[in-house]
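Only one chain is shown below, in structure tokens, and it's the form predicted alone.
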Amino acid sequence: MVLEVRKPRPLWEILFSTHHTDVGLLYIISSFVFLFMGGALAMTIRTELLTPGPTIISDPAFFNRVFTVHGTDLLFLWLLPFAAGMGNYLIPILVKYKDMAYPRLNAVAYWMIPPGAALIWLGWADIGWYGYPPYSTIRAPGPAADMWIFGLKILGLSSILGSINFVVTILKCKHPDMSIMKLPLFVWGILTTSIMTLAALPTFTAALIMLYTDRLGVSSFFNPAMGGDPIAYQHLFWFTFHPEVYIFFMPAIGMAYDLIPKFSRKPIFSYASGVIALILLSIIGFASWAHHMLATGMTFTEKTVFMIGTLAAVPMSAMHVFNWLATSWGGRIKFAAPMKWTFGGIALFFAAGAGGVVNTALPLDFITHDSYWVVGHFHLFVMGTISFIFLGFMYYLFPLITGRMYNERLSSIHFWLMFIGAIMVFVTQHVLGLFGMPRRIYDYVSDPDLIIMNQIATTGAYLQGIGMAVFLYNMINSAVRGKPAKMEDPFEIGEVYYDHRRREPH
């Protein structure tokens, strides 16, 4: 199973393997490549907004293309593939099965990602990661928008195939002695995520087909000039993508449940409440999609229903947080990198959750809607909470993948640069929203308050960029020159590590 860096296998052996660890490795490496590519676009956006007026981008249309590809890349080519990679690597081990249920289908699902990514990056569309009509229907230039649509359809099909494989592997291939209520909570996180994906994605698939036929001029679902309704697209979009936020989050919850008991050296406080909260959170995810559309003219009754539905997610999320805190309370905590990143992610989750409640409350949402407050909230959740836990889990799996240990000091430098940077960027973006700065804009008025806050945000983004460079150096250097890991218990926390000896190539 260990990636032999000193004695590498032929590249083609890994590329064309159907073994779950090899496919998982491809997912993980690809997701980090796209994380750095999307991050480079984020640096470009923040540099452009460092001062009012054109800074490094002279064409506003080009700016729109940058933030479209940035958002699409980091959501669909970083978060989803990373979770799928970790699932591929660990699920068969955790359910005690030799491989995924359908190994070849598993490899096919992965190999759908490169062409989907190529369409998005080469198309370079300017319609935002949401593709709202009527602009995307009647004004967005082709073939860029068409390539974005087909790229997302390929990525969506890849997610559906992967989810089917996870569900069958977990429910049908788990060891006979392992009841469903004995599955690790990481497995529960992947299972609920996969079921949500299968329920949510077909709606967006249909919306993309309708959008494309509108662009061809053979239908008028969303084209107001022909009697269509652009708001209908928003309903279809958010019916998929509000649950999708939880689809991004559920694997991180499962990873936190895997890490916190081990590094607290205590059993999980309440396994049953963790399972129940995962299931309820996945259901609530579908019951609150229209809270993204409270400013689109719905009736007061409809707004109230969706506001209450969204607030119902708060106690379910809090149940996880209380479970984590109760587990670590009184434990002999070892603050190695995995635990540090997980606790950092939970701290940012508190801030992101508080901002989300403001977005949910009707009077406050009308103040913050389409402002930088929303940008700050969303990024604090996605690039703060979720990505922090993902990075912590990457450090935890590093010995399993490479057989070596990473540099703990560099991991601490990475963590603090990213944590301080996240506060500087995303908290400041909340304040920018309160000062009335709209999101998705190329330029802003030359106001001293706006200028200084944008400069703080950009400085924070640079700190995060430096942090990720440190991470990249640490991973590559440690994989080649790192100290050999004690594979039975590499973190010396008295816990049995994953079965590192199991490798059964087909």
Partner chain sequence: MGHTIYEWVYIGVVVGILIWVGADSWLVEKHLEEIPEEATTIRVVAQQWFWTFEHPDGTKEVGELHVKAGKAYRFEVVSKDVIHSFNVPYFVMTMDAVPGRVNKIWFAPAEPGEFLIQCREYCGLLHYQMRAKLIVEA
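What you see is a predicted model; the values in this text were computed from it and never measured. Numbering follows the first chain given and starts at 1.
Unshown form predicted in complex with the partner chain; subsequent notes refer to it.
Note on the interface: of 104-112, 368-376, 79-87, 168-176, the segment with non-hydrogen atoms within 4.5 angstroms of the partner chain in the predicted bound form is 368-376.
Proximity to the partner chain in the predicted bound form holds for none of 181, 188 and 252, with the criterion being a heavy atom within 4.5 Å. The partner chain is not shown here, and in the predicted bound form it never comes within 4.5 Å of any heavy atom of residue 331. Shown alone here, residue 143 lies farther than 4.5 Å from the partner chain in the predicted bound form, counting heavy atoms only. Proximity of residue 441 to the partner chain in the predicted bound form: non-hydrogen atoms within 4.5 Å are present.
The partner chain is not shown here, but in the predicted bound form it comes within 4.5 Å of a heavy atom of residue 363. For the residues 424, 339, 319, 117, the 4.5 Å heavy atom test against the partner chain in the predicted bound form is passed only by 319.
Between the options 283, 122, 93, 138, the residue in contact with the partner chain in the predicted bound form by a heavy atom within 4.5 angstroms is 138. In the predicted bound form, the residues of 105-136 lying within 4.5 Å of the partner chain by at least one heavy atom are, in order, 126, 127, 128, 130, 132, 133, 134, 135.
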